[in-house]
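To begin, one chain is listed below as structure tokens, in the form predicted on its own.
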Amino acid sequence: MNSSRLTACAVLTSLVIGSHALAVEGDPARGHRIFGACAACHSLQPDQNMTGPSLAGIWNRKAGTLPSFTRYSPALKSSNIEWNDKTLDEWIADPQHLVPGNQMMFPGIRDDRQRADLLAFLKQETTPGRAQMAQQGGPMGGMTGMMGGNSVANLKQLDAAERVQAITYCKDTYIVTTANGQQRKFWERNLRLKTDSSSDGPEKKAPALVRAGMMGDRADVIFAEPSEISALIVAKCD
């Protein structure tokens, strides 16, 4: 075999290997399970942003342009990438390789089959109208809700045990009193004070106590806006 034919074979081989992931037919059901690793940071509901932007309608959207998400890295906003089968596959394989300097804390999925499965699930679940269908009990509605499609709890309606009435602080301890009269004590590093201004956030002056930690020794107090935090917490030692 002469050198030109060897070169042609080498190029063809590299193209076949490079496009292998895109040629693999994905399974949405398997992809749904893989999405569990993404659900902590990404919702499937339109404009329901979490640590990362909502993935609803991501196909054919330019990277870094979802108007309701304001925390894109400069690297992603200037990447001039349009999300499609190829670019999403490359992004999921290695985000830093595709867009150096982006802020996504995810090392990537190297397995071609797993990426194909995840892309098949995302393509199915992020099409316009799909999230609303899932909310109303579509084919994957129940699972999608658990895995991030509706993963942010609505804090507008709270039980008395979840509605915070007072917080006192003494030495290294927060004492949280809820509307049912119960008091919970938390080490200062185990109680996180957060805000949620979204439609799912608490009503003003009605912060929510959200339990966390397997031992029940941790919690979040979520306020409607930052100004409520210092106004509610009182330094007091009995």
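Quick caveat, the model's predicted, so the values are computed rather than measured. Start at 1 with the first residue shown and count on from there.
Unshown form predicted together with a small molecule; subsequent notes refer to it.
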(message) Even though the partner isn't displayed, in the model of the complex is L191 close enough to the small molecule, meaning a heavy atom within 4.5 Å?
(response) no
(message) So in the model of the complex, is the small molecule close enough to R61 to count as touching (4.5 Å, heavy atoms)?
(response) yes
(message) Whether G52 contacts the small molecule in the model of the complex should be assessed with a 4.5 Å heavy atom distance threshold; does it?
(response) yes
(request) Give a yes/no on whether L76 approaches the small molecule to within 4.5 Å in the model of the complex, heavy atoms considered. (result) yes
(request) Look at the candidate spot formed by C41, W91 and N102 and say whether the small molecule comes within 4.5 Å of a heavy atom in all three of them in the model of the complex. (result) yes
(message) Looking at heavy atoms inside 4.5 Å, which stretch does the small molecule contact in the model of the complex, given the options 61-69, 173-181, 191-199, 205-213?
(response) 61-69
(request) Report the residue, out of A120, I109, L158, I167, that has at least one non-hydrogen atom within 4.5 angstroms of the small molecule in the model of the complex. (result) I109
